[in-house]
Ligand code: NAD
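Here we start with a single chain on its own, the form predicted alone, put down as structure tokens.
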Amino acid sequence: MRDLEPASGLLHSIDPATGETVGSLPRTPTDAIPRLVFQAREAQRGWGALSHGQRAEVLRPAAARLKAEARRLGELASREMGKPLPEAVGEANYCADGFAAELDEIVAALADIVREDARTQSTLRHAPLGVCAAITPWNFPLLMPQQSVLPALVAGNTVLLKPSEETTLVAVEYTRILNEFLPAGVLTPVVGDGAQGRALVLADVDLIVFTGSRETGKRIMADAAPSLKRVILELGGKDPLVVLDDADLEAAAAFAVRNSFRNAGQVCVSTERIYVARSVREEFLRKMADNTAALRQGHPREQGTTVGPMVNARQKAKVVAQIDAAVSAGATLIAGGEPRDGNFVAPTILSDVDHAMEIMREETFGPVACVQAFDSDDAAVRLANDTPFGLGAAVFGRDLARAASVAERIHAGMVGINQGCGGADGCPWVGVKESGYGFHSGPEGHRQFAQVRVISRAR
């Protein structure tokens, strides 16, 4: 849990695995945020006057600096939010290694488009929106800021980045590296919690980019409505996995365990609901239990750890409460469920669940996999779609035509067949229903950080 000291205005970052203080930063006063936005707007005049390509070249040297500091950044991220060290360092390296290619993709996506007819030639130009408020989560404390900051900056906007209070230290380090190359006022970190986030939303910004809970996203939309601020919202998920009766059960079970328990289940596209054909349910559960037993939960910086802690005590309490309520309502524990000290929750498999249980309706965001049987493909689709969420989904089956038929009927922004939901290079990261409003990544996503202007002349 992160602690704000009212007297000193300090935000303390606490290691969820040990309870030790990682570091502290002064909280940005909420009454200072309008001034920071004004400074960002002043800086945007010069930044926005550059071309997309020129802005990308200003940022490009940051890739080498990120790579040089990837180990240190990964260690800091692991200490702040409990991600196993190899995964945290891997996230830092992924950001550094993909930095230059991401810049190139954004520049290409924002290039002018010419349309002509017999009388008129028109140019579609992707112009800056102005000042962007980016509010990012703690579960991917480097990747999420990068996916918001880079397209916003290359599009010509200036950015105020408010990272989660859980992972502020590593996000501020990320901005420090980029600011070695950026003009003053183009990228400004904002330190704090929900109070600073709401002050940013209410300030004179032009674009709000938010990744987080559905409830907070709805409040942001309401606060943005009076001035019709542009919003890009990546919200929660309750991702289903459908395992058909002809599926490769070894592969399906391995995927289910990996995607349910990675990052202690604290991933927006974690598999939280698993629907398995009744005829293969028992075998699938045995294979899931075997795979789960091979995981090692422990201190995130200990060699061999594959599952770390919850990010804080509040998140642990939420997950445990959902598990306990489900068991009380008739769910069966296949794995996990035993009490753990500190912020740890054992990787847990529940069977005999149904949609009357909160754990099958509300996002868990913890290491819990819930398995329910179905008797027909149509029933599996109905169950998968019985949710207000629609971020990712997966379908496993050897008959690819049949699996594709099921996948195409699932109401999600991204559906994988015999794999996770992430698409090929250049695909957007997109949710439907209450999992998203707008989207990011890929050429289509990058363009949402700009304002299209149509400039026409007679031929």
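Quantities reported herein were computed from a predicted structural model and do not represent experimental measurements. When you see a residue number, it is the position in the sequence shown, counting from 1.
What follows is about the form predicted together with this ligand, which we do not show.
- Though the partner is left out of this view, Y174 does not reach within 4.5 Å of this ligand in the predicted bound form, counting heavy atoms only.
- Interface membership of E91, defined by any non-hydrogen atom within 4.5 Å of this ligand in the predicted bound form, is ruled out.
- By the criterion of a heavy atom within 4.5 Å, N259 is excluded from the residues contacting this ligand in the predicted bound form.
- The shortest heavy atom separation between E165 and this ligand in the predicted bound form is within 4.5 Å.
- Of the residues H126, K287, K316, R198, just one reaches this ligand in the predicted bound form with a heavy atom at 4.5 Å or closer; this is R198.
- Screening A384, C268, A252, V371 for any heavy atom within 4.5 Å of this ligand in the predicted bound form leaves a single hit, C268.
- Checking 294 to 302, 186 to 194, 328 to 336, 342 to 350 against this ligand in the predicted bound form, the stretch whose residues place heavy atoms within 4.5 Å of it is 186 to 194.
- Although this ligand is not shown here, in the predicted bound form the stretch 120 to 156 places heavy atoms of I135, T136, P137, W138, N139, M144 within 4.5 Å of it, in sequence order.
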